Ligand SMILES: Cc1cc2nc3c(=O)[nH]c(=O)nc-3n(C[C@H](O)[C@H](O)[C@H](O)COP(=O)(O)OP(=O)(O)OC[C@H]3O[C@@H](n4cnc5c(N)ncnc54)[C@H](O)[C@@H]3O)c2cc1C
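For reference, the chain that follows is the form predicted on its own, supplied as structure tokens.
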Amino acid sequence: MIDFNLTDNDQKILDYVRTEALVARKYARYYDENEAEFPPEALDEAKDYPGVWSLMGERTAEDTSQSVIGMLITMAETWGDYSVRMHKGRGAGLGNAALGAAGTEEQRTKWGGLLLSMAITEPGCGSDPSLVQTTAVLDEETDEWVINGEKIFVTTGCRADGVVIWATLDRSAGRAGIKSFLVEKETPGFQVSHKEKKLGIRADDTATYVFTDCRIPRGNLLGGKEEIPKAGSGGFRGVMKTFNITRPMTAAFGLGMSKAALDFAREQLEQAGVDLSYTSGTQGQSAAAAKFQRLEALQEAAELAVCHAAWLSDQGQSNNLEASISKAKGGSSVREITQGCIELLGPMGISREHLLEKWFRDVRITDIYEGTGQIQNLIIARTILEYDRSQLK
């Protein structure tokens, strides 16, 4: 039976994370306006917190499973602010998730301590990664891969030490020809050509990469296969499984901020004398109370969807469908929740004196990266109806 009730150890960890996350909230405006530049005093203050993982050794088999507590920790972190990601150590990029899911033990040892971005999107390839045009050609004389192409909207692209890049061995083969490669910064032919100016998540940079005859060792093929891979020999599906981990995590990022928005709205409404209790029934509630409780219900439903996807992963069960459900539900819910909180609070909701308007901007990305909400709905429909791409586009 699935049970998401928290143990005392679970609650101790989450309480600690929320205390730590408030450090980021104090400097949230600074991060937003200076785009990932650390204020020295924030770094000094962060040293007072050894990190949540120092508490994980106290956990027992009775506590919440690893992936589920990981999602709850993420929500508790971004409850402080999205800029809490700036306090994460090396090995916390999107590319690191791909490395962990598809890399060999040797590759994980070699690159696991680096911060790795993930480069998929291209000027002509957005939600459908099968249209990737960046090429990888094996030079058998030098035993090197030669990468050529352009990648856009690369999250953490400037700060990252390297990238997991999706490239095709055969453009005519579609998805079957796509492989992933590890490329470190400073590799000749690898250029960070542009940094985006964005609506939200300004504390995390977004970059454009250009690869021009960029040569990397043959062993940098993710998965480390020694033979020359052929189109259709696998690879694409293996790396796509990364999204079964990162999609629930992406939803968790947004849900931490939407929970912060709800907590702020609750505080302000109660100070204004609005009764938010559940005892009066729907007929005796004010319109503000009814709307707020509907937003709370959305939050709880989305959180449970994320936890369910994570729980299945811990059980070793397939969670492709549930990962997409959690991403779709989370992406739509956080937008509605933060906007609803702004509507409830009026001018206070859009004032830069508070963080609500920032959280509203930051959560927008939840429904975009790691596969848009529309794409998740397609995946969900195909899985339930047992349709393939040709039957449902």
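It should be emphasised that the depicted structure is a prediction, and the values quoted were computed from it without experimental measurement. Start at 1 with the first residue shown and count on from there.
Unshown form predicted together with the ligand; subsequent notes refer to it.
Listed residues I178, L222, I120, A136 were compared with the ligand in the predicted bound form; I120 is the one with a heavy atom within 4.5 Å. Of the residues given (T206, T246, Q268, Q299), T206 alone sits with a heavy atom within 4.5 Å of the ligand in the predicted bound form. The stretch from 318-326, 126-134, 302-310, 249-257 that comes within 4.5 Å of the ligand in the predicted bound form, counting heavy atoms only, is 126-134.
The three residues F153, I365 and K393 all sit with a heavy atom within 4.5 Å of the ligand in the predicted bound form.
Taking the partner from elsewhere, Y369 is found to have a heavy atom lying within 4.5 Å of the ligand in the predicted bound form. In the predicted bound form, at least one heavy atom of L378 sits within 4.5 Å of a heavy atom of the ligand. The closest non-hydrogen atom of R294 lies beyond 4.5 Å of the ligand in the predicted bound form. Using a 4.5 angstroms limit between non-hydrogen atoms, K198 touches the ligand in the predicted bound form.
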